[in-house]
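Just one chain is shown here, as structure tokens, and it is the form predicted on its own.
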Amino acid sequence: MTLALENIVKAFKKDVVLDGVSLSVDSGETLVLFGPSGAGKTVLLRLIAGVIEPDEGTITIQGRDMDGVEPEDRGIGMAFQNFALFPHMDATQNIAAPLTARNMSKSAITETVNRIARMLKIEHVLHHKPKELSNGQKQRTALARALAGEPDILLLDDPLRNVDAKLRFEMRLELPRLLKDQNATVIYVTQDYKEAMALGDRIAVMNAHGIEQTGTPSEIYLAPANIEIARLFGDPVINLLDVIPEQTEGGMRITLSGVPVPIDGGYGEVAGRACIVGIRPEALRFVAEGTADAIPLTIETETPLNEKTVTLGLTKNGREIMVSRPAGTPGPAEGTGFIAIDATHVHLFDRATGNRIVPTERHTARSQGAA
């Protein structure tokens, strides 16, 4: 284990930003800190870097307690949102700063700077000073400097925030390869869930003072710990409807748009309890009228979104449901449509707490409630 945080507490006056945060990161792993603004992501990075000290708790790197260890002695590379570029140096000199400090040869420095600049598409501004760079170019220069030093631990604070959409997409593909090539242990902050899914070996979802869930991208997406996390991941957003699961002779069921729909039999313990059902739009499909367990919808709008088409419909009780399907596949654009649900893609959340209810066992069975 390269990095470990245990029971970290940090407050600024009476504002508690982090309250008992514990986290570990393995060597060579990319961990993404994901969450809304104000969740404490940047503060956590600054604590790891040694820029600020925790009020309580311990930070260890390679098994060594970092209490009192200066930032330059922690073996960390950083690229923060405020860029922190040397204003009197051009981009080349800024990127080369950690290499110059290690007394590398000029040829090795030039080769490294040019290679990373090409990857980040800033080779044309290498001789420009920070005041001549756009915010996106400054951000990429700061990222290049952090990468050039090949540190044991790399802290990246939303380094693609100010770059254009095309480059951001390209970097989502390129960065994981570069980071793996360097075998760096990376802590990466972002508010973009697609970026978190693309870059993270694991994701730590932060909100209000701490970490709510940690897992692989698929674990976070397929088994969100609560409604808030389920909402944060996915576009279109997950469908959430009030239901009361019921045990029938045929098994566990919920009722949507007046139709009893089977769900996992492992939810038997919550029969009769107020719940919220969560169904991803892509887990719904349009079917013909008369199909078993088909749910009728009144079609409101249909929106083509390049690779997919999103349909907004209303249940019998006026509740909104979004259905996402690959572009070009058939589906009603108006009138009445019918949808079917795969029972394995249904999540139940406790209505009072918002926490996901974990079924006691995974098997096919049947349930009921009202939406």
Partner chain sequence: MNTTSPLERVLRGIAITLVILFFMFPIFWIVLMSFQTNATILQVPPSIFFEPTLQNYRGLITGQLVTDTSSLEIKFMGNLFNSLFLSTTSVAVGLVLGVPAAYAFARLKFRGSEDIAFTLLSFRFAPPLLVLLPLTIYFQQLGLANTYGGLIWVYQLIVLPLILWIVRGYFEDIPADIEYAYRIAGHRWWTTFRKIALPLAGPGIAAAALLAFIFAWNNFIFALVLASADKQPVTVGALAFITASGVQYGQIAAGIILSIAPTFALALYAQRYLVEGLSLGAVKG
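Just so we're on the same page, rigid core means the largest C-alpha set that superposes within 1.5 Å between forms. Bear in mind the structure is a predicted one, so any value in this text is a computation, not a measurement. Numbering follows the first chain given and starts at 1.
One more form of this protein exists, namely the form predicted together with its partner chain; it is left out here, but the text below deals with it.
- Site annotation in the model of the complex: the residue of 72, 181, 289, 269 reaching within 4.5 Å of its partner chain with a heavy atom is 72.
- Only one of 109, 259, 160, 85 lies close to its partner chain in the model of the complex, with a heavy atom inside 4.5 Å, and it is 85.
- Residues of just one listed stretch (112 to 120, 241 to 249, 131 to 139, 181 to 189) have heavy atoms within 4.5 Å of its partner chain in the model of the complex: 131 to 139.
- Contact with its partner chain in the model of the complex, defined as a heavy atom within 4.5 Å, is made by all three of 46, 76 and 98.
- When contacts are judged by a 4.5 Å heavy atom cut-off, residue 340 does not count as touching its partner chain in the model of the complex.
- Within this chain, residue 89 lines the site of its partner chain in the model of the complex, having a heavy atom no more than 4.5 Å away.
- Among heavy atoms of residue 253, none comes within 4.5 Å of its partner chain in the model of the complex.
- Annotation: Cα of residue 103 displaced by at least 2 Å between this form and the one not shown, core superposition.
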